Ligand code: BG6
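The chain below stands alone, shown as structure tokens; this is the form predicted alone.
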């Protein structure tokens, strides 16, 4: 589906350098996103994409390994779009550990700009592990690639994938090392969950439908649940997952960010700076679980067969994590916030449930659900009278689905939105340094206690709902 020209953001000429172009993330998400952006004429015609790789790979070989056209009927690529993409995309073999390589990269970027005859923004997308990213950031800064174009008329930006550190100490070190060479306004910390259409709509829904905001507090809401269930297991990502786990992988990053959107105060304006200020404010009010209450406020699990999969019979790594936190504010005092995620569960499901309090007269919960994936939409559970002569009442759902409501509208994928917003310099859907540190502050005590022993680690069967977490919810 093509995007109408009147809805396309105006993007400037750009040189996008992708470090790790042959990696899993680039092949699964970035290259298909770029295909769609080219198809919809979203990128400026004077755009250059440089894929940086250690190996000597040809462009056709790389593209043959990528499912570029997953959004096309039958996954068949449009040859015209492929031709345009190839005209923009080139591969560059580079040993990123050698400083001299960065001097040559700068020379070549300047030549590209001279050949186009226009000022070109420069984006460095680090689609690589964090332990590799930090030295590259340093080299980029030390060799002048953090500056504007030679004429001082274009912007330079750095895109960094999560995880942003392994713990609060490493996160601080990464932030400090990066800030030596790039200003905060140049840094785009990617959280692709924030770029999902349903997540973006949380603020629009809350603040453009005045019937809900008066009910958005401790007097009317029983609890809030943010969950991300995955049907898949770790799919061979042994090294990454053994060093990460469910708490770090999804709760520390994605889910606490979403919780902040659900619970933040209304910004004066729905603009990037205002949104981030209010997000960080509510994240600073999230109360870290005290060490002596970790057991009663968390549940961790590991699916059966994980130890064999990672060849470590002593592994206590969590593939399931659920945490109950509270917000120290007048609006949310005493309201449980439950965030949970797990792998190898019954179904793939990411959603936010806002559960309203029952009353003595009506002892039932109304639930407002933001479905993030799949079947993106918003659902409100109500109780109505059944047809007939008696007064029997039954639950029903008022259901809004994006696919039905916006059939004729083009919906960009999360990574399309990430790329477009980075090119145009919009920070709204990216995490700030302050937000990253606040989320680490909340999960760090849990990680510390969990590292002591695995006595509370629950082994669960694959394809089930995972460990019992009912103790984290208010009593019915």
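Keep in mind it's a predicted model, so treat the numbers as computed, not measured. Numbering follows the first chain given and starts at 1.
There is another form of this protein, the form predicted in complex with the ligand, and it is not shown here; the text below is about that form.
Contact check for 192, 250 and 373: all three have a heavy atom within 4.5 Å of the ligand in the predicted bound form. This chain appears without its partner; in the predicted bound form, the one residue of 386, 348, 111, 180 with a heavy atom within 4.5 Å of the ligand is 348. Only one of the listed residues (326, 240, 166, 207) places a non-hydrogen atom within 4.5 angstroms of the ligand in the predicted bound form, and that residue is 240.
In the predicted bound form, at least one heavy atom of residue 29 sits within 4.5 Å of a heavy atom of the ligand.
Among heavy atoms of residue 232, some come within 4.5 Å of the ligand in the predicted bound form. Within 4.5 Å of some heavy atom of the ligand in the predicted bound form lies at least one heavy atom of residue 162.
Proximity of residue 196 to the ligand in the predicted bound form: non-hydrogen atoms within 4.5 Å are present. With the partner omitted here, the stretch from 378 to 386, 137 to 145, 224 to 232, 266 to 274 that lies within 4.5 Å of the ligand by heavy atoms in the predicted bound form is 224 to 232.
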